[in-house]
Structures are given as structure tokens and as C-alpha cells.
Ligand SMILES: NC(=O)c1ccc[n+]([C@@H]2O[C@H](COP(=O)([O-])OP(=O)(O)OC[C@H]3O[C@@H](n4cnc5c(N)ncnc54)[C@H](O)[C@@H]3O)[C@@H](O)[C@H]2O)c1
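The chain that follows stands alone, in the form predicted on its own, written as C-alpha cells.
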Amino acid sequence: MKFRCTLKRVVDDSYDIEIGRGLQGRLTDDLKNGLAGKARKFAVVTDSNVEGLYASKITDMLREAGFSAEIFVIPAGEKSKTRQMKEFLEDSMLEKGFRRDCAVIAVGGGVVTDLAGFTAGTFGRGVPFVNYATTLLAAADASVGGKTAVDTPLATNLIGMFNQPLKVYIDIDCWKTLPKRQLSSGLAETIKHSCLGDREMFEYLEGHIEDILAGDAAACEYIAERNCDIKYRVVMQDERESGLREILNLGHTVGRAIETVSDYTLLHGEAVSIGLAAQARLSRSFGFMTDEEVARVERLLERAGLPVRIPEGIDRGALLKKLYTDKKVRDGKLRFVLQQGIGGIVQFGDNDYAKRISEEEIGAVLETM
């Protein structure tokens, strides 16, 4: 005897992204107006840098609005994006009496939104969450699209889930408190988006990169909106990374590997910048980019305060080995997303946006860097 369990789902995971300044009050108002449904208890997840700047204030505002709210703080930095830190959040929430009727609010950068979103997806078999992005890096990439994950010593971002937030708040005012190095790091993902899908944005960045670094309001709002638009257009067509969404990994094959091999002394954006330079040179070797286009990409990265060369002390052998932990690897073979000129990506087949690259081919490029 057998039984068939017919389970068909129609899910609408749509959500709003609000870009503005000083959005803490808007977040509180939205929750009062039912953004999180019946949830009245909120876990505010943040890091040690953002706690005193924004998260404590948001927690206080929630309490003043009549909600129950507790703040949970992780150490700042990529090294906190681990299974152990996720376990710490889960145990801490349980100890504070959180159950299935709660919601999670991530206040911070990409590490916080990744970790909080993953925790929300498994806590109580899934509770709602909101992203309040405080960094340019999170605004450009991590807080939008629903990819959540942790890193392990053996692989980056391979333990995780797709989990869409209720809403994303991008508070440009928060960028004012970012150290210049962090602001530059966030620009790497912005430049990546222009390289893969928006030549006009790339040219805008060429003309305004110093304005963005100086905090010019119009320039910052422009890149916030264009980042979301580019990523939305990709994610809308391929939410679960079955093909097209891989293009958002431009520069990340080398970037993620060098970030790990450096023991995270390089910020994520700094590592991605080196990865973007590497893929541009690799693209040139196959005739997809010209010398001048590669030079323009590297020039823009350098003007943004980002590295385009592999730092001294990085073991090239360890770096090559680490490339095989990339999530685009298939059948033990390296695959790279490659840029087509400025503002385009090479398509290699039906829904195939990554090219198989030999270790010798990428090794030769890395030797030039």
C-alpha cells in the first residue's frame, strides 16, 4: 500500500525595498501597521560596530512602541558568519523565550543580514525577518535577493538557504558613519553591477566616484537605486540561481578564495575587487574584453580605493586550491562568469553563464597580478 502526498504551493515572496534617510521611524511604523503580521516579539540581530550606532536605538524604539524586543550582538567581521555563531543566536533567542511567534530584524551589513536571515529561516522552522541595511555593501548586495548562508573552513556560502525578507530598508544616512575603507569595500559590488549589466552606470561611476566617497547625496541615492534595480532584474528571473543569477558572482570566484586565504585581513569588497580584475584579464584572454576595457575597470576600482593586485604574502598554491570550493564548480571543474565589454556578460549556452576554465588558464592570469 502506498499513499501519495500531493503538496502544491503558490507562494508570493514579493517585498518592498525602501531607500531613504533616517528610516528607523518608518521601520517602527511599518511593524505597528502589521508588516510582521501578529508578531509582537522581535529579535534585533546586529554586530559590535552597529550596536551603539543604530541597533540599540531601534530596539528602544520598538519597546516604546509597545513591542517586546531583545538585542543580540555578534562580533563584527566576516569571521562571525559561521555555524557556531548561528548556534549562538539560536540558543540566545531560546534562552530569552523566543518561539515561533517572533520575528527577526537584521540591523547591519552583509554578515548580519546573511546570518540573521539564515537563522530566521530555520528558527521555529521559519519566522519572518526584516533587513535594515547600514552599509553600502549590504545595500548593493547582501540584503537584497534572499540568499542567506554561513561560511565553513571548507567552503564559502554553501551552507544556507533562499529566504526572502518581509522588507528591506536601505538607510543612506548610515553610510556617513562608515570608515572610508568600508565605503570603498561596498563600492566593489556597485562597480561589479555596472560591469555586468549597466554601461551607463559604469560611466556615471567614472564621473562621480569621488563624489560618492565624499558622501554626495545625489550620487549616493543614484547608486543605491541602480544597485537594487540591477539585482532585482536578475533575481526576478532566477530567484534560486538555476542559471542567470550566477552572473551576480562576477569576480567572486577569485574574490571569495582570496578573502579566505587572506584569513579575512582583506574586506569582502577588497577581495571582490581583485577578483573583478582577474576575471577582466581572463575575459581579455578569450577575446571578450579589450585592453582598454580592462584598463578602465582596473582604473575605476583603484579610484574607489580598492586593490587590483594580489597582496604580498598570499600563497598562490593555496589560492588556486581554494578556487575549487566555489559554488559554481561542476564535476570538479572550475567555472567563471566572464564580462563582455563594459556592461555585459558572456552567455555560453541555454541558461549557461559560466565558462569552464582550467587551472592552468586562471593560474596564468593570476601570475600577471
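Because the structure is a prediction, the values reported are computed rather than measured. Numbers follow the displayed sequence, beginning with 1.
There is another form of this protein, the form predicted together with the named molecule, and it is not shown here; the text below is about that form.
*Asks:* Which is the contacting stretch out of 208 to 216, 122 to 130, 74 to 82, 293 to 301, given heavy atoms within 4.5 Å of the named molecule in the predicted bound form?
*Replies:* That would be stretch 74 to 82.
*Asks:* Of the residues 147, 281, 86, 226, which one places a heavy atom within 4.5 Å of the named molecule in the predicted bound form?
*Replies:* Spelling it out, the residue with a heavy atom inside the cut-off is 147.
*Asks:* Exactly one residue in 174, 105, 250, 274 has a non-hydrogen atom within 4.5 Å of the named molecule in the predicted bound form; which is it?
*Replies:* Result of the distance check: 174.
*Asks:* Does every residue of 50, 135 and 178 put a non-hydrogen atom within 4.5 angstroms of the named molecule in the predicted bound form?
*Replies:* Answer is yes for this spot.
*Asks:* My question is simply whether residue 255 lines the interface with the named molecule in the predicted bound form - judged by any non-hydrogen atom within 4.5 Å.
*Replies:* Because no heavy atom of residue 255 falls inside 4.5 Å of the named molecule in the predicted bound form, the answer is no.
*Asks:* Answer with yes or no whether residue 110 is in contact with the named molecule in the predicted bound form, where contact means some heavy atom within 4.5 Å.
*Replies:* Taking the distances in the predicted bound form, the answer for residue 110 is yes, it comes within 4.5 Å of the named molecule.
*Asks:* Give a yes/no on whether residue 54 approaches the named molecule to within 4.5 Å in the predicted bound form, heavy atoms considered.
*Replies:* Yes, residue 54 sits close enough to the named molecule in the predicted bound form that at least one of its heavy atoms falls within 4.5 Å.
*Asks:* Can you work out whether residue 182 and the named molecule are in contact in the predicted bound form, taking contact to mean some heavy atom pair no more than 4.5 Å apart?
*Replies:* Within the cut-off, so yes.
*Asks:* Residue by residue through 194 to 232, tell me which have a non-hydrogen atom within 4.5 angstroms of the named molecule in the predicted bound form.
*Replies:* The stretch 194 to 232, when checked against the named molecule in the predicted bound form, contributes only 231 at the 4.5 Å heavy-atom cut-off.
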